[in-house]
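Here are two versions of the same chain, shown separately as structure tokens and labelled structure 1 and structure 2.
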Structure 1
């Protein structure tokens, strides 16, 4: 079996960790920022040195293509270079570096391939600077309206739009360069798991079957604000107490469902939020994720059975947003699993909880993902880490997957 280079991969990881280095083991590399464009320039330089042709589309997505021996659709692989604030050196960027290393191995080892191989960098996957997340892959797949996305304003620079950043970046290209179904045969995205399962169970490779569906609801509890020192307990309409009761109820009910269900109350607001005043209004969110739509339906049933009044406070809820479960191309999922087995790596089939550009691209071309472990499950954090040896196993599986697709499509 052909192996990619541990030394080259380690060099790529260390080099790209300098773009937006926080000095604390992580990076802040917002989309189309100076740090992000510097990383793009390094990507372009390295790919052109391998003989790749590098172009960008109208959303600044980058496509670095090695020519194939035949006139066939390209096989794409890659991820994103942008990060969240004080993020890690693996989320997103590892998928780009893995794709670069697989491409470099093909060139250095003179590995024949029929299809062109394209390494892709997606713009603004995180949505940390310009909302929403997965913006540019969403535009080219018809999920988002381009005109609306161009008007998205930066969180770090008041009044600065994505459209302005796009023009300033130097990476705005032609719509003709977009990934399309007629020009591409498949897409494989390697990513860190961003969770603790692979690391805790000592598994080398996550064979990703799809991305979990999710729902996000906001709950409102309306009571009566009052003085904390003069209102007897029996007369109170404490919205925070009602919210606490509701959270406990939801947890108790949801815990009776499938063990693979994950749910979070991640945002809460309390009004007027003064220590001497009984809370008059409280809101909290519930984020629930599962691969089976039937389980999510049960979650919604539990929500809809919430009492109209709790502890003398009115209750209400509304759906903020949701997404359906995405299932990746079964044949490609099987190839990833088989390639891992051929290298002697342990693997486990799993669904992704977080979203990825790949979940949009599946609407255009056959797509799947490869996961490598995240030490301690850390992600979106400066603690994020995956040993280079573990990364290399993922890159080897990626390379073999690309070559297998090349030989069979």
Structure 2
């Protein structure tokens, strides 16, 4: 079996870690920032050195293409180079570096391929400075209105728009360069898992079947604020205690559904939030994710059956937003699994909890993803880490997957 180069991959990881280095083990590399365009320049330079033609589309998505032996649509692979504030050196960027290393191996080893191979970089996946996340894959797949996206303003600089950042970046290209169904045959995105499953189970490769559907609700409990020292317990309408009962109720009910369901109350607010005042109003969120829409439907049924009154407090809820489960192309999922097996790497099928550009691209072309472990499950954190040896296993599976598609499509 052919293997990509550990040394070259390590050099790539180390080099790209400098663009936006926080000095604390991670990076802050907002999309189209100075740090991000420096990373793009390095990407362009390295890909051109391999003989690739690099173009950008009107959302500054980058496409670096190695020509194929035949006149066929290209096989694409890549991810994003931008990060959240104080993010890590693996989320997104590893998918670009893996694609670069696979391409470099093809070139250096003179591996024949019928299709062109395109390494892609998606603009503004994180949405860390300009919302929403997955902005540019969203635009080219028709999820988002481009004009509205150009008017997305920076969270930190009033009046500074994404459109302005795009113009200034030097990477805005032509709409005709966008990835389309006629010019591309498939897309493979490699990414760190961003969770603890592969790491804790000692598994090399996550064979990603899709992206979990999710629902986000906000609950409100309305009681009666009152003096902590004067209101006997029997007269109280304590909104926080009602919320506590509700969170426990949700846990008890949701735990019965399916072991793969994940649900989280991440945010809680209490009013007036003074230690000597009985809380009058409490709100909390519920985020729930599962690949099976039937399970999410059961979650919603449980929410709808929440008693209208808990501990004499009025209960309310509203759906903030939701996302349907995305299933990746089964044939490609099978190829990834088979390639991992051929290398002797352990693998498990899994769904992604977080969103990725790939979940939008599948609306255009056959798509799947490959996960590698995240040590300790850290993500969106300077603690993010995956040993280069583990990354390399993912890169090898990626290369083999690209070549398998190339030979069978």
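Only a predicted model underlies this, so the values are computations on that prediction, with no experimental measurement involved. Just so we're on the same page, rigid core means the largest C-alpha set that superposes within 1.5 Å between forms. Numbering follows the first chain given and starts at 1.
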Between structures 1 and 2, the form predicted on its own is number 1
Between structure 1 and structure 2, rigid part of residue 349 equal to that of residue 303:
no
Based on C-alpha superpositions, what is the rotation angle in degrees of the smaller rigid part between structure 1 and structure 2?
7
Superposed on the core, the Cα displacement of residue 227 between structure 1 and structure 2 in Å comes to 4.1
Superpose the two forms on the rigid core and tell me the Cα shift of residue 278 between structure 1 and structure 2 in angstrom.
3.5
